[in-house]
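Consider the single chain below, provided in structure tokens and representing the form predicted alone.
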């Protein structure tokens, strides 16, 4: 097959693809407040959430971030996003990994504190997008009542992103978008590379 044939076949494929895409785009005529879940064993769940937060900020929308569990480290995302102080509310209500605190009662108290921040935002339609970072971990360890969380998410006034491993099946059912990050390789496990500033935090 010569180069001209390859180009011709490629063009035909792309024309068919475009027709298919154009039909799908034309048929999608609804808007709604989305519930998005990023879960799985792979790295990048919070990063995906913060990327969407940045996208909303770029359009001038007001956003909210509530970080469950996390809080022991000073992160790059907190430093960067606080520069948008007129458009963002950023609440950090964790004390670090659950295996470090080793205090269930304290973890539950911090989770409830974070959830109270989340509830304030979820009932305020001035927030375009809210990131509930690591909420899945909180639900996995039963630090918050699942039914209460699902009910609040069902009545939300905003787009919401929930991150963390082991998303509850009940949350997946009510979500509009669910992405599972799959671990293939990680430098910490394979090479003993520690968490690095600007990459992990």
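On a predicted model such as this, the values are computed, not experimentally measured, just so you know. Positions refer to the first chain, counted from 1.
Absent from the display: the form predicted together with another copy of the chain. The rest refers to it.
**Q** Quick one: does residue 119 come within 4.5 Å of another copy of the chain in the predicted bound form, counting heavy atoms only?
**A** Residue 119: no contact with another copy of the chain in the predicted bound form.
**Q** Please determine whether residue 142 contacts another copy of the chain in the predicted bound form, using a 4.5 Å cut-off between heavy atoms.
**A** No, no contact at 4.5 Å.
**Q** Residue-level contact is defined here as any heavy atom of the residue lying within 4.5 Å of another copy of the chain in the predicted bound form; does residue 156 satisfy this criterion?
**A** Output for residue 156 is no: heavy atoms all beyond 4.5 Å of another copy of the chain.
**Q** Going by a heavy atom distance of 4.5 Å, is residue 104 a contact of another copy of the chain in the predicted bound form?
**A** Looking in the predicted bound form, residue contacts with another copy of the chain include residue 104, since a heavy atom lies within 4.5 Å.
**Q** Just to make sure I understand: among 154-173, which residues lie within 4.5 Å of another copy of the chain in the predicted bound form, judging by heavy atoms?
**A** Sequence-ordered list: 159, 172, 173.
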